[in-house]
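Quick setup: one chain, the form predicted on its own, written in structure tokens, and binding and motion questions come after.
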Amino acid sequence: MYKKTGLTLAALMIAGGVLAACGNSNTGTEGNTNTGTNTAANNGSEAPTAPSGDQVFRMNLTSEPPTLDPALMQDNVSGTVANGIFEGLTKDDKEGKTVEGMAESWTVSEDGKTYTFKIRQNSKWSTGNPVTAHDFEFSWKRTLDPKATTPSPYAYQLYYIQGAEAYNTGKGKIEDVGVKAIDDNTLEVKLTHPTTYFLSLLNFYTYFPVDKVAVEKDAKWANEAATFSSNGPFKLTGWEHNSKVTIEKNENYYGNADVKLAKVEFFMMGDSNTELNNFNTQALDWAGKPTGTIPGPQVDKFRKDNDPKLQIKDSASSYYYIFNQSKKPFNNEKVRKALSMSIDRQLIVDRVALEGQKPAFGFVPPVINGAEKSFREETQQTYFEENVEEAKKLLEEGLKEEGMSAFPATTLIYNTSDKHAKIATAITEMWKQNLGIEVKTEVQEWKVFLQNRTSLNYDIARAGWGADYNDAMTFLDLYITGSGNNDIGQKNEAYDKLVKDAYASADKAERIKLLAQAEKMLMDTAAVMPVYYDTSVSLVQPYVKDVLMTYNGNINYNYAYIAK
């Protein structure tokens, strides 16, 4: 049940005043992909210019990609570039359906556990080297390598493969991993359990191949455009760090004839108003999600004006806060529940976010599939209620259990974005008004922010997650013990078992039941604090054609063209 938090009129006025004060904050963009306040102009690189009619597509990346090595990626900034310069065994077509990519065909065994892929014989790396089955075997085993200098945060995404988890956790051998190049053009993959969505996983960047020749030649191959090798529709031709990334049509791509864009330019503007101004002067062709943002009041104006350039759609993405469970008092679920129950999500959606988001009382967003309907339709809709009086009681009890007489000095961190700043300010005002506690806020550049979350160097942090594939598992396996994305320090054997049992189940209804139990446990313990289910909001110039927004809010520009 949803229950009002009981915010007073004074609290509403405080929140409104806060929003007004933050309206012009130069703090960047919103989403899983946010960074610092750098712009193309103030970093010494060429600023975007108005369109010339050439086949050049320009958008705001917001920040420096933390990496362009598929084994190390874990964010949407890196992924947005990677989706143009790499291609997996499968890819998405114009309708978002999974179709043949680097694999021209495949067969599946009767038990659904063995896949045999045929690699396109005319596929090449941007260097001219052939793309072979050996590259895929090398890449996936490289990602799983337990002795890697920098461990892959997404290695667990390969645990569907036989022997992958054992090898990655140091309990098994590399030769027991169920991926094998039978010859240059044949790849055999053996799964631990039948996985109905496995083909769609192969289009996720952790499953992208890397050029074995290039990687073995230079360990720093992915750091600069000059040494970079990729196999997608585009190739990396320019990387002005903290300023601009340029990719150009890859003449060695097997589908080169169908690629219409000559170039894609990614700029790094941390301020949403700067991004909007560049769009309004036609210096950008796309603004907003997945890697940029548009000031909320301007979105509201575009919407009221029925501007055809504005696109808003529900996204398979959740916006939430996380607590560092390795630190007191956030190890106490009563304290976490108190913080979660004492905010007004509807107020945040209506007064701060302004993009048609929906208040979240679960973790998995409504657009994620279930067995027959959506996951949200097939499971409990809400797991907790907002209740200030109950929150006060829980906070007092939780602090007492931890031997604390008062709430300690606490800092909430968020990455550079004016929207994140507004939400953080509004929520900390609610905590002050409703619970009588002070929480400081601190903005951090995206890469530093990610590092602090991963290393559990924080108290409370802003978070967001967009689906990697259309299944609730993509949200719920984040917080199993040992996951590279488990940045809350959760160690819950009962939770781990529910998720692993869901992995193993071939019965759709049964696995949804197990995943629903896992989500309930996540919410019952307030392991994360959901705020809202997100939307994808973007502005698109009318001359831009066939740029696609996927169900999870990602962008596919591989079929795009400019019609002047």
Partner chain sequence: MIRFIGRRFLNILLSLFVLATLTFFLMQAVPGDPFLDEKTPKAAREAMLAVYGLDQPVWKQYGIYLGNLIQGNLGISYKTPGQTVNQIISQSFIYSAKLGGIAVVVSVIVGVALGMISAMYNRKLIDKLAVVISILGISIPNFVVASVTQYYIAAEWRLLPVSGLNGPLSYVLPTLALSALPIAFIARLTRSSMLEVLTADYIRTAKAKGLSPIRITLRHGLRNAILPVVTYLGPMSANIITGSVVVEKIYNVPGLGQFFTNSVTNRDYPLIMGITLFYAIILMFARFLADVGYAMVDPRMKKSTKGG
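By rigid core we mean the largest C-alpha set that fits within 1.5 Å across both forms. Positions refer to the first chain, counted from 1. Remember, predicted model here, so these are calculated numbers, not experimental data.
Keep in mind the form predicted together with the partner chain is missing from the figure; the text below concerns it.
Picking from 269-277, 357-365, 385-393, 132-140 the stretch near the partner chain in the predicted bound form, with a 4.5 Å limit on heavy atoms, gives 269-277. Though the partner chain is absent from this view, in the predicted bound form it lies within 4.5 Å of a heavy atom of just one residue from Asn485, Thr410, Asn492, Asn185, which is Asn485. This chain is drawn without the partner chain; in the predicted bound form, the residue among Ile312, Val448, Ala181, Ala371 with a heavy atom within 4.5 Å of it is Val448.
Looking at Leu72, you'd find a heavy atom of it within 4.5 angstroms of the partner chain in the predicted bound form. Contact between Asp468 and the partner chain in the predicted bound form is found at the 4.5 Å heavy atom cutoff. Contact check for Ser243: a non-hydrogen atom falls within 4.5 Å of the partner chain in the predicted bound form. Though the partner is left out of this view, Pro153 does reach within 4.5 Å of the partner chain in the predicted bound form, counting heavy atoms only.
Using a 4.5 Å cut-off on any heavy atom, the residues of 54-68 that reach the partner chain in the predicted bound form are, in sequence order, Glu64, Pro65, Pro66. Relative to the superposed core, Lys447 shifts its CA atom by 2 Å or more between the shown form and the other one. Core-superposed comparison between the shown form and the other one: the CA of Asp487 exceeds or equals a 2 Å shift.
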